[in-house]
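Take a look at this single chain in structure tokens; it is the form predicted alone.
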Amino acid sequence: MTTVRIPAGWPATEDQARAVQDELRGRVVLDEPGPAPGTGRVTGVDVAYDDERNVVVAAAVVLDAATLDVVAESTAVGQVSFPYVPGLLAFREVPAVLAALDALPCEPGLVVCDGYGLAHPRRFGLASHLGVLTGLPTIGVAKNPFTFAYEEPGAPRGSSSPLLAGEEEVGRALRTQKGIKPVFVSVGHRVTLDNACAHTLLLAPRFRLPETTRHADALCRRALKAT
């Protein structure tokens, strides 16, 4: 397990964090398709917390995109780097996730975050933040719609509907399993929304959540218990 070091100059206040978001948001790339769905490698990242000890553990799990077999995995542990503030959660998670990604023995390919990209009040959630800092293609697949509106997609697997901020489409509600609550997909960096949804469907052949998220969630929980 890698030990996380909080980067020099990491924001300490809400105003500083919002200023960083404003600076980095302009670097998000939205006009690249990203890797072809079902090819190469795809990596899930997730974090777990022990609030009493102020500890955060991040996990990164690399899957073969075609077979969904685990190729590699890594974890990182450190002190929480920022207080809990809605809309600024990336500042709690990014240092640990970066450390976990850096500890991988192979290139991660597409990175799938358990959270948001453009579907964020400031259009710069964890997936976008991570993508800009690493240069990797990233998407967010969240369990709830945050503050955004959507119409229930059709019942069949693969049905979707726009996730809306007013009239702006910031993501999609995507039905990954027939008759089961949708997930909420948004672009992070260097991937189109259509391809983000296609990746998500291929990563969720049996369950609501993508296999990337399921593996990363289980690994970071195990690692937290072991610290």
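Since this is a predicted model, take the numbers as computed values, not measurements. One rule holds for the numbers: they count along the sequence shown, beginning at 1.
Keep in mind that the form predicted in complex with the DNA is not shown, yet the notes after this line are about it.
Peer 1: Looking at 103, 71, 89, 133, which has any heavy atom no more than 4.5 Å from the DNA in the predicted complex?
Peer 2: Selected residue: 89.
Peer 1: The DNA isn't shown here, but in the predicted complex, which of 94-102, 112-120, 151-159, 73-81 has heavy atoms within 4.5 Å of it?
Peer 2: Selected range: 112-120.
Peer 1: Any chance all of 5, 59 and 223 sit within 4.5 Å of the DNA in the predicted complex, going by non-hydrogen atoms?
Peer 2: Heavy-atom distance to the DNA in the predicted complex: none of the three under 4.5 Å.
Peer 1: I'd like to check something about residue 137: if you look in the predicted complex, is any of its heavy atoms closer than or equal to 4.5 Å to a heavy atom of the DNA?
Peer 2: Although the DNA is absent here, residue 137 would stay clear of it in the predicted complex, with no heavy atoms inside 4.5 Å.
Peer 1: Report yes if any heavy atom of residue 125 sits within 4.5 Å of a heavy atom of the DNA in the predicted complex; otherwise report no.
Peer 2: Looking in the predicted complex, residue contacts with the DNA include residue 125, since a heavy atom lies within 4.5 Å.
Peer 1: Is there a heavy atom of residue 170 lying 4.5 Å or less from a heavy atom of the DNA in the predicted complex?
Peer 2: Looking in the predicted complex, residue contacts with the DNA do not include residue 170, since no heavy atom lies within 4.5 Å.
Peer 1: With the cut-off set at 4.5 Å between non-hydrogen atoms, does residue 65 touch the DNA in the predicted complex?
Peer 2: Because no heavy atom of residue 65 falls inside 4.5 Å of the DNA in the predicted complex, the answer is no.
Peer 1: Out of 138-175, which residues reach within 4.5 Å of the DNA in the predicted complex, heavy atoms considered?
Peer 2: Read in sequence order, the residues that approach the DNA (within 4.5 Å, in the predicted complex) are 142, 143, 144, 146, 147.
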